[in-house]
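Presented below, as structure tokens, is a lone chain in the form predicted alone.
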Amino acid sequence: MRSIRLKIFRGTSNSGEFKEYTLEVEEGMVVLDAIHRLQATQSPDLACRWNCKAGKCGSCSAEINGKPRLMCMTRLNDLPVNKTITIAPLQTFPIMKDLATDVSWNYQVNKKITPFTPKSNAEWHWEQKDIDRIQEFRKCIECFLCQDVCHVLRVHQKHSVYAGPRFFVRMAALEMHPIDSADRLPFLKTDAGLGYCNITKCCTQVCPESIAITDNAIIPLKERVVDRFYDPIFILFRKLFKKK
């Protein structure tokens, strides 16, 4: 048993402040364990969101010592010893209460994306390399840590014109699917605001599933948008051979 000091945000979007606690913890505990013990012993009204405690539901997202992380996958032993551990809610989304944020905006963005649309009379057999290319994107657990750390949303508040890294991952999985027939490039260029991303790779750094968001999803999508809408040769080709 050892004592740790916690500084946790308490309040809502309208008003709130960080409150300090001292807590006895044991070897091997994660941050979520500490939150549960705090709820059981000192502060039963402390609000946080969690579900699986196995790093697969994405519910317990928070900012631990200023870095977006999953509380259930962050061991107390890995944090600086003898220093106060600061736990704050995701800053990109409205705070409902304490560590619980309202992430419903993400689901509204998701509804705007054209779903998987297979080609007519498609052959449902394809090469392993095509499966491998999109399988990585399916690992996303929608923790929205990438959305939280993205400066376009976090700093510039471009929620109305920018979809964010999580949904670029989803659209990459659809666009690269070998039998999908939908065209999402106009949406990526306009409503999704792909051009706002300046490739800082901060989203990749915080992904708990180690998805190469920037290299494997965002950059290939940017290349496709540039080829379609900005390449002069491609534009000339389309004008010459455009279907009536």
Partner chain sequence: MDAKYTTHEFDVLVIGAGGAGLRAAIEASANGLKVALVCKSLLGKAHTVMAEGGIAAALGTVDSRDTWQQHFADTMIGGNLANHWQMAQIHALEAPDRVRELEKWGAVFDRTTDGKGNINVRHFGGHTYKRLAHVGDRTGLELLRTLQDRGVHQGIEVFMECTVYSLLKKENRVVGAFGYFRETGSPVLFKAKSIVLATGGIGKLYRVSSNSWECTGDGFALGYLAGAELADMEYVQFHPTGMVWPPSVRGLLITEGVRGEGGVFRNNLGKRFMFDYIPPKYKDKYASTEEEANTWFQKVIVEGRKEETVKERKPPELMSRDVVARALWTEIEQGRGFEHGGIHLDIATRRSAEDIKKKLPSMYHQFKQLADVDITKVPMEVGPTCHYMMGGIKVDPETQGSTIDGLFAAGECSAGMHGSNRLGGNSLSDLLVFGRRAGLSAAEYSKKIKTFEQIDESELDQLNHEMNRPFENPKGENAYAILSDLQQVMEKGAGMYREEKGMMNCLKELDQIKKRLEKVSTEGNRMFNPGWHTALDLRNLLIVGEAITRAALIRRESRGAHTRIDFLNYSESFSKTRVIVKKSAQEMQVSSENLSQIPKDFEAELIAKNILNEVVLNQLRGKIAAH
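Positions refer to the first chain, counted from 1. Note that the structure is predicted; figures quoted are calculated from it, not measured.
There is another form of this protein, the form predicted together with its partner chain, and it is not shown here; the text below is about that form.
Contact check for Q128: a non-hydrogen atom falls within 4.5 Å of its partner chain in the predicted complex. The shortest heavy atom separation between M171 and its partner chain in the predicted complex exceeds 4.5 Å.
Its partner chain in the predicted complex is not approached by T22, whose heavy atoms all lie more than 4.5 angstroms from it. Although the partner is absent here, C72 sits close enough that one of its heavy atoms falls within 4.5 Å of its partner chain in the predicted complex. Shown without its partner, the chain has R166, R170, H177 in segment 162-177 as residues with a non-hydrogen atom within 4.5 angstroms of its partner chain in the predicted complex.
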